[in-house]
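There is one chain below, alone, in structure tokens, taken in the form predicted on its own.
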């Protein structure tokens, strides 16, 4: 069952329809007419439509939920689905705050169901190739992402605070965790808004993260940078012990070591972005494995955003421990379910296991 039939919801409807290992049985939206129109436009029939998650899931016999609602609704939708015994694949970000993301992760643990956050920009054949090249280069020193685009969205984005950090940078931050294979420790971030910017909030951001092995991740980007634009994935450079690797954010990966330079044009995989995210979700449900985007792990990516925002606002370096401790205390204070609250009170680490460590969980 899918919850949410807006613009991104329509993309998910097409994706589910194209996935042979999944069948859409229900669609929930607060506006059921919007849901019916979305199904009709996609040419999908025989799907139960309604406005209540629990009722539609029960009536349709759903086995899992895809949450494509706005981030502010994720906590409500996801906890309701988990309480009904349904695993959830949720669009990023998990929540507007780390505190609410932790509450959802604890609810998933309490109910013994998978909550996976769909970080769709992890799923590219070229990014897989970059990770494979980096694995052979020894210790990583620095990873840099340059992101320069000039989209004119109109609407809410042009009125957002911290628009680049909050709405886009999480994709690069999350991918950096997977490339480095470690977790962030601290960040210093500076924001500014050029005089020609059409955004009210800062459209430019520059962040330096320190990771647990001493690696540095540098993110520099702009959403009002016309000309010579990068890919939507940005352009990447990795400097490591035995050489360097680059990715143009599209299909070209290059690596140079003492043995010479190799450049490859990587063809796209049959399933990338949200199609690959859905495929991983389904595979993990069947095998009982933990996906890369499991909610408690994904908290690290959201915390990178929250820490960068705090740093930009205060002008100081921010420790990720500080963000987690504050968020965990807030989660405990605001969580009404005593069983979920008890799980939160047991957590003392940064919200999850290290990025590089596989960890099967029970379903």
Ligand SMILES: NC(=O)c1ccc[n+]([C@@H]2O[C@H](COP(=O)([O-])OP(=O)(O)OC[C@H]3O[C@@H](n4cnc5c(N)ncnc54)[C@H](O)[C@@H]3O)[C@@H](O)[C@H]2O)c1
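Bear in mind the structure is a predicted one, so any value in this text is a computation, not a measurement. Positions refer to the first chain, counted from 1.
Below: the form predicted together with the ligand, not depicted.
- This chain is displayed without the ligand, yet in the predicted complex the stretch 84 to 92 from 200 to 208, 84 to 92, 216 to 224, 257 to 265 comes within 4.5 Å of it by heavy atoms.
- The closest heavy atom approach of residue 29 to the ligand in the predicted complex falls within 4.5 Å.
- Taking the partner from the other structure, the ligand in the predicted complex has a heavy atom within 4.5 Å of a heavy atom of residue 77.
- Residue 3 belongs to the set of residues with a heavy atom inside 4.5 Å of the ligand in the predicted complex.
- Though the partner is left out of this view, residue 68 does reach within 4.5 Å of the ligand in the predicted complex, counting heavy atoms only.
- Between the options 171, 113, 131, 162, the residue in contact with the ligand in the predicted complex by a heavy atom within 4.5 angstroms is 171.
- For the candidate set 125, 73, 150, 279, a heavy atom within 4.5 Å of the ligand in the predicted complex is found for exactly one residue, namely 73.
- The partner is not shown here, but in the predicted complex the stretch 32 to 52 reaches within 4.5 angstroms of the ligand through a heavy atom at 34 alone.
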